[in-house]
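Let's start with one chain on its own, the form predicted on its own, as structure tokens.
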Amino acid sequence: MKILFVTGEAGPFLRTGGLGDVSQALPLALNKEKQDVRVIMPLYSAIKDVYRQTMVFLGSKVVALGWRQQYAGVFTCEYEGVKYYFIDNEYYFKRFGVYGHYDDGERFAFFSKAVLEVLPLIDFFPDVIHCNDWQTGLLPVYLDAFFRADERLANVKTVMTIHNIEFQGAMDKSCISDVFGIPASHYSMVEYANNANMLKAGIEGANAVTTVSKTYAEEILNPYYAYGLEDILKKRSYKIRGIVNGIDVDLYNPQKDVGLFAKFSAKTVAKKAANKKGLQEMVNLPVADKPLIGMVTRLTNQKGLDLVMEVINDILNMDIQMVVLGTGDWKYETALTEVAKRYQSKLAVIINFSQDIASKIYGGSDMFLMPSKFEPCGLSQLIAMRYGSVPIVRETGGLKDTVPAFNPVEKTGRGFTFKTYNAYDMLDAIRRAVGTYYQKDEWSAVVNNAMSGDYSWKTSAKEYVELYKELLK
């Protein structure tokens, strides 16, 4: 099959979060399944020269966007056997930062339409176009409104993956005709709740809709999780399917990770002790054999920081240590920094993001706290388990799907879980994890279970291939 993977970002060229990781790893996994998969994304000015120097210019087209006529250049390069294309337009993409501009709706409407316009230029007419998040939500609508008359695109199928439904590309509804250039015949696909909604357009227009975990596919039918889209999701529930994300197990590999103080595997897990000692020394915590809890996270409400701050004194009054790495809301950055001053021998807070330090926390911590309010899939818990850091998570979205609760009698499960979004339920899960740490047989079992899991994209890639095949029948 020929698959075009359309995304607002993709590693290694540019990533701001989980979408960038998925857009790198899933195409690689599909390629290993013998599928002809290509990736297309904007040519941002932030893409480093080391990658730009490998790109070849293929040509350009003029893209009509409402009353505008915009240039779209196309560059290409290959990375690890996958061909990548880049849509060039300096007015839209030569900017500081990837998202958050006043005209993001126009920028990604242009990108979505440009992808379809340049297909003859790149001489690639896919069987399936796989769209991702609101940035590509208008593509299925443009395909149906303007491109079906081309016999090469008459039967192409579309998949829309929702990575995080909180972000929908909602704009003033005047954008639908004036900015997006959507004809009256397709206006209703984009309009929702008296706004233009780009994610809703993708849900309406795509042949299939996927989410990044099975539980999240069920949760988003509930108003609590749907961020206002529950009505359309319930109407289109027949086309929604959950396929859990994996991680790049070559990239996140404790046997190869140069960020670790000592490389290790499930068979040599005793070497984690060297990573713990190195981490404690690096962040000025006493070197001691006591549970070390790690967090690598955005410091936001969604990630459960309100729960953490509600019981932070209770957590730190336990005989534990804690290391937090991340940036986010000013109130959490400030509050954690102040608490760290009071608990200098127990809490280290690094207001930053560094892949090197993240690796050291994954490799050196005994436990990994991830009490998310909602979590479409989550990659951090998968990385933590791969590095033998036992997750403490709330049972939501991908956390529920990937972290079965530890059963101390049968010695099954990979982590410690709690159900309700409640600080004291979270505290109970932390206490259970800390208690288990001192039961060495049980602790050894849960660490081994975590490290033995298959977190690769292999199974998920096969599920996507099956979905594509179903659509093409």
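Not measured: the values here are computed from a predicted model. So that there is no doubt, residue numbering starts at 1 and follows the sequence shown.
A second form of this protein, the form predicted in complex with alpha-D-glucopyranose (GLC), is not displayed here; the remarks below concern that form.
Chemist: Given a 4.5 Å cut-off on heavy atoms, tell me which of 176-184, 323-331, 377-385, 117-125 is the interface stretch with alpha-D-glucopyranose (GLC) in the model of the complex.
Modeler: Every other range fails; the passing one is 377-385.
Chemist: Whether G18 contacts alpha-D-glucopyranose (GLC) in the model of the complex should be assessed with a 4.5 Å heavy atom distance threshold; does it?
Modeler: Contact with alpha-D-glucopyranose (GLC), yes.
Chemist: Counting only non-hydrogen atoms and a 4.5 angstroms cut-off, does R152 reach alpha-D-glucopyranose (GLC) in the model of the complex?
Modeler: Result no; R152 lies far from alpha-D-glucopyranose (GLC) in the model of the complex.
Chemist: How about S354 - does it come within 4.5 Å of alpha-D-glucopyranose (GLC) in the model of the complex, if we only consider non-hydrogen atoms?
Modeler: No, S354 stays farther than 4.5 Å from alpha-D-glucopyranose (GLC) in the model of the complex.
Chemist: Quick one: does H163 come within 4.5 Å of alpha-D-glucopyranose (GLC) in the model of the complex, counting heavy atoms only?
Modeler: Looking in the model of the complex, residue contacts with alpha-D-glucopyranose (GLC) include H163, since a heavy atom lies within 4.5 Å.
Chemist: Does each of V22, R298 and Q302 have at least one heavy atom within 4.5 Å of alpha-D-glucopyranose (GLC) in the model of the complex?
Modeler: Looking in the model of the complex, the three residues V22, R298 and Q302 all sit within 4.5 Å of alpha-D-glucopyranose (GLC) (heavy atoms).
Chemist: Consider the chain as shown here, without its partner, and state which of V212, V141, L347, L199 has a heavy atom within 4.5 Å of alpha-D-glucopyranose (GLC) in the model of the complex.
Modeler: The option sitting close enough to the partner is V212.
Chemist: Here the chain is shown alone; which of N245, Q168, T402, T158 has a heavy atom within 4.5 Å of alpha-D-glucopyranose (GLC) in the model of the complex?
Modeler: Contact check passes for N245.
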